[in-house]
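Same protein, same chain, two forms; see structure 1 and structure 2 below, as structure tokens.
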Structure 1
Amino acid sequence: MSLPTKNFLKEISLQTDHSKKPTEKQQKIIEAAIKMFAEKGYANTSTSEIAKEAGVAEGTIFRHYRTKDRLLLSILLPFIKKSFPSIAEGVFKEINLDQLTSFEAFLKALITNRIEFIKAHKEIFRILIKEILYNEKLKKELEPFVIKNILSRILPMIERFKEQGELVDLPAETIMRILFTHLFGYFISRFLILPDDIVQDEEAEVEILVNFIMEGLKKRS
């Protein structure tokens, strides 16, 4: 899924369950925030604008959500939990998982796909990752969705490429942990820590990353 951020937020708006109302003011704030984030983008929308659109005092937003980041999370998390299966399905369809003939080809397709997605949704990615890193409760909430929709697809694929003699003779779970450690470390450092213009040649960057990972994972005679 590589929709621009504004369209992604519009998709959230369409799938938000407006029948669940914690309070009338909270619902107004959430609906106003979704609308304005979709129209103007997250970074270009202020809490004062959201408050005006919702017809509430700006202090009401801070009382309920503390920060704009927390407000976005209150919108994102229900959407992620509801839509995670279809999101995962879309990713694996885009990279044509069943058609890939090598683990290296899989890595290239996956990394390229996720880089394009994160670049299109950088603000959302940064907020979500920072929250996951420091919020144990959130990690536990999202863990079942990751296991069911991502790990369950990747583990059999690792086994397949092990049988083909491409990968080192280690348990598939170990290979997956190594792979995810490298990929998440790369995405976090590039999109959360380093300057935005750090990469000049995207294709060459992906090639270097894939070669680096494959050097550790490929089976040697």
Structure 2
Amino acid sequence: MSLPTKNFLKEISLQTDHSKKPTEKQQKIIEAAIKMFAEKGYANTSTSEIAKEAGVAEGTIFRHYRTKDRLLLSILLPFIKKSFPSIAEGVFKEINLDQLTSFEAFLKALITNRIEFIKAHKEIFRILIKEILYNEKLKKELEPFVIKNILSRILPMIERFKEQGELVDLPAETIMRILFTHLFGYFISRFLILPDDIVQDEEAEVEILVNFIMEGLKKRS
């Protein structure tokens, strides 16, 4: 895949101008593409397969999305915008941060929020992860974007809780990395590798996960 633009962020905002409502055919195409990309991966899915699955002519795909690349981006970009940048914002909006007296409460809110989000967009999440891993280019282009949006928001949060004496005495970046490694790893394991319905008691699952991380990160006395 050769991404059509060098400036990923600009592309995202340009893409936003798609204020026009998608036609019924467009909807069908997107649905078909999501299904097949998630199943077989972008590179293993041909546009003709998508067209057949969507019940449209192959030309129709290109009329709307110009290239296969942009079809992928049309799926991923809205998802990325809704997920990464707001990774904390979403939390912040739904929770009154001031009332979060503990890092544990913050973490629980964050994880619950993200799990729900991924569950609501499971297939697109799968596509994104697969392509990040498979496609060095996409990964590279996403990296600064993620760093800017996630790190910049979470790091201060960590600093604050460190000051409050809630977290282990490690550099904030290290804590960040540990947190990220485990959370991200958890999401991939759970949503890309394990069977779909393995977790039954979601609340208990989050409880364990938070406990897990907290015990690893909380200040040792």
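Residues are numbered by position in structure 1's sequence, first residue being 1. Rigid core here is just the name for the largest C-alpha set that superposes within 1.5 Å across the two forms. Predicted model, so just to flag it, every value in this text is computed and none were measured.
Matching the description of the form predicted alone is structure 1; structure 2 comes from elsewhere. Here L76 counts as shifted, since its C-alpha moves by at least 2 Å between structures 1 and 2 after the core is aligned. Annotation for A172: C-alpha shift under 2 angstroms between structures 1 and 2, rigid core superposed.
In the core-superposed comparison between structures 1 and 2, Y65 has its Cα shifted by at least 2 Å.
Taking the core as reference, the C-alpha deviation of T47 between structures 1 and 2 is 5.5 Å.
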